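One chain comes next, on its own, written out as structure tokens in the form predicted alone.
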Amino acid sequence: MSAHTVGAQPAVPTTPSRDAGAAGGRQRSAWLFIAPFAFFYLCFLFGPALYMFVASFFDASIVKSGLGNFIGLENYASLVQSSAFWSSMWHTLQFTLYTVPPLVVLSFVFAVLANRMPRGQTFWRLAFFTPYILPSAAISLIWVFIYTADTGLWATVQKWFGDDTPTPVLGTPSIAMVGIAVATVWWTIGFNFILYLAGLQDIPRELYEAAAIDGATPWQQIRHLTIPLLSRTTTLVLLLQIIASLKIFDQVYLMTNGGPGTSTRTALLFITDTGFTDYRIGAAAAASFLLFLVIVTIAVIRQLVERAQQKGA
């Protein structure tokens, strides 16, 4: 017997039944961990969504029990013919156009600048992300104070430039939505900033060093390296921001409540007013389902774009 085989232990054969038992145990453990979330998901998300879809075909109301009478597609037909509904959808689209481009572009620019700083990245992360963790009520209150006519910070700045009658931002229909959009950009830009900064730090430094040796300028490095390598992060940021903008409610409700007039009345505010002011739960459910379809369509388009990018790569 050779020396290197002395004391060797025989290999324990593994059987398919033992492997199957271990896999089954892992699956049971996984389901046990998922169960609490799945329970609350079904109770508080899937359940209400299903009820919303069913209620959209009835003349349901909060002043009477049950779903009411079945009316088919009448709720959807009335919404299509309602100028108030289309006005709220336009205001939602308007807010989306005001917020998504700066939230994507500015967060990318600030992340690139912060990533190139040899020191102080922790400070910049904290500075950008701190507003994002504040509740919407606090953010709205801060910006209502800023926009307060005559005594607010914005009115003071206007007076510095010689305007003795400052324009009340939230009281002017043509710029009220712009004021809400500015507050939203300041509040939420930190989230996108962190996403882009994390993506930038995953890009190997050697790529930039090689590009610099080849004579690439900083702008050329950003254009030909950074932007293509962050394409997936950008599509994710775009999707998240578009969906969040389409679901805008808190800032509008707290800062203007849809005013002046209906100049900032968004889709979710229209749904709330329809359901809880006009007591038309069925019509509110139909409007919610239409908004849901818009959001799902955008998510599907993003998924198709990502697949196309993966095939192209």
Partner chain sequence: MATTDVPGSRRSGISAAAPPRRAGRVGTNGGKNFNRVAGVLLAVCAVIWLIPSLWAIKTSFTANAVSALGTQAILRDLNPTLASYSSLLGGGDLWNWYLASFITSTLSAALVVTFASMAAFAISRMRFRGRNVVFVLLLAGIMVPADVLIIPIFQLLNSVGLLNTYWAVIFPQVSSVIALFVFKQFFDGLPKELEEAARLDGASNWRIYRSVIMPLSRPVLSAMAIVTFVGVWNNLILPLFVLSNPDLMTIPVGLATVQGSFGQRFSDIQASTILGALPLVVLFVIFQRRIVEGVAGTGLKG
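Just so we're clear, the structure is a prediction, and the values are computed from it rather than from any experiment. Residue numbers count along the first chain shown, from 1. In this text, the rigid core denotes the largest set of C-alpha atoms whose superposition between the two forms falls within 1.5 Å.
Below, we turn to the form predicted together with the partner chain, even though it does not appear here.
Note that among 226-234, 171-179, 77-85, 213-221, the stretch whose heavy atoms approach the partner chain to within 4.5 Å in the model of the complex is 213-221. Interface membership of F37, defined by any non-hydrogen atom within 4.5 Å of the partner chain in the model of the complex, is confirmed. In the model of the complex, the partner chain sits within 4.5 Å of a heavy atom belonging to P48. Contact annotation: A299 falls within 4.5 Å of the partner chain in the model of the complex, judged by heavy atom distances.
Shown alone here, V305 lies farther than 4.5 Å from the partner chain in the model of the complex, counting heavy atoms only. When the partner chain is considered in the model of the complex, only one residue from M117, L73, L97, V105 comes within 4.5 Å through any heavy atom, namely M117. In sequence order, I142, W143, V144, F145, I146, T148, T151, G152, L153, W154, T156, V157, W160, F161 are the residues of 142-169 having a heavy atom within 4.5 Å of the partner chain in the model of the complex; the partner itself is omitted from this view. When two forms of a protein are overlaid on their rigid core, residues whose CA moves 2 Å or more are considered shifted, and D214 is not one of them between this form and the one not shown.
The Cα shift for F276 between this form and the one not shown, taken after rigid core superposition, is smaller than 2 angstroms. Once both forms are fitted on their rigid core, the CA atom of A299 lies 2 Å or more apart between this form and the one not shown.
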